[in-house]
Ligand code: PMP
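As structure tokens, one chain now follows by itself in the form predicted alone.
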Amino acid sequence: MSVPNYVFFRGRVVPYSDVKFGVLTHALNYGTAVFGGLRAYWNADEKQLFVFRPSDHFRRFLQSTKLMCMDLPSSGEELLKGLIDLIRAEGYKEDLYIRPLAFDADEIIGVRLHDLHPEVSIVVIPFGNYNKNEEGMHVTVSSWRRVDDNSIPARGKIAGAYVNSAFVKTDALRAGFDEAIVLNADGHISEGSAANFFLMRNGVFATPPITDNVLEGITRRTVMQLLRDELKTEVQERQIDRTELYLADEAFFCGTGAQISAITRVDYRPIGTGQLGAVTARLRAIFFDVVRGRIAKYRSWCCPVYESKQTATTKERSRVTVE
């Protein structure tokens, strides 16, 4: 992967090569950073690039910084404006992944959260599928447990916590699987290495509650609404036992990176027919129309990057608030 040409840093778009930090940087040594993950989708018919739910993503990003005692120099509105300026500077007209990052930049020795000075950056890169088998993943139940909220807050995208995800993902890939499902300390399903989880049994979808150490996913919320409103399917937020995996009719991961990735086998056992499920297939089709701004009902979730007669950037920008 080639590095970007530009980065949004210290309130403006600058050449990527101009931003440099030393090996003593606090975030590098102690994991004191938070990040976000957004996608932008190219709509070829409209010749428009849409950032999906940026106000929700930046709101969660700022909430993550609050968990880390960071006093950011940028507001949500400024971050969204900076993102739009950055994409326009790069001139991209294809699907993108967007990575905002807030990190403690002090070059000191000493682990703590207070009396530090965070910096904020955003980069964008062309990006396709995160999972290579989005329509038929073979996964395993990891031997690693999900970090507990009383250890590291799972609802924040805290950089240091993703070492947990790295252990999970590397062991799964080295064992020949596409991904892994992680249990929490109580033995209930939490999520994937970096994605939320859903399964369907007897026509009802279930997903772990946010109190089971899952990320409060924005794609997760999107999926729940689409299942209920578009597919008229019941969705329960409840604890899920490991053995329910083996009895599920359908299952999938969802997230900014994962999008909607169907799970068709778990530990060599087929899920349902062992093929992409009918409901998951319909959900994927609806989701990809939504994120590209093709469904008017959900158009407010899609923030256009380039100015045109059909779209305006001011409406979505005005929605970015800090809670």
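Values in this document were obtained by computation on a predicted structure and should not be read as measured data. Residue numbers here begin at 1 and follow the sequence given.
One more form of this protein should be noted, the form predicted in complex with the named molecule, which is absent from this view; the next part is about it.
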property	result
Joint contact, R59, R299 and C302 to the named molecule in the predicted bound form, by non-hydrogen atom at 4.5 Å	no
Listed range touching the named molecule, judged in the predicted bound form by heavy atoms within 4.5 Å, from 229 to 237, 87 to 95, 188 to 196, 168 to 176	188 to 196
is_contact(S142, the named molecule) in the predicted bound form, heavy atom dist at most 4.5 Å	no
4.5 Å heavy atom contact, H138 to the named molecule in the predicted bound form	no
The named molecule contact at P208 in the predicted bound form, heavy atom, 4.5 Å	no
I218 within 4.5 Å of the named molecule in the predicted bound form, heavy atoms	yes
One residue of S55, T264, N43, T256 in contact with the named molecule, assessed in the predicted bound form (non-hydrogen atom, 4.5 angstroms)	T256
Residues within stretch 147 to 179 having a non-hydrogen atom within 4.5 Å of the named molecule in the predicted bound form	K157, Y162
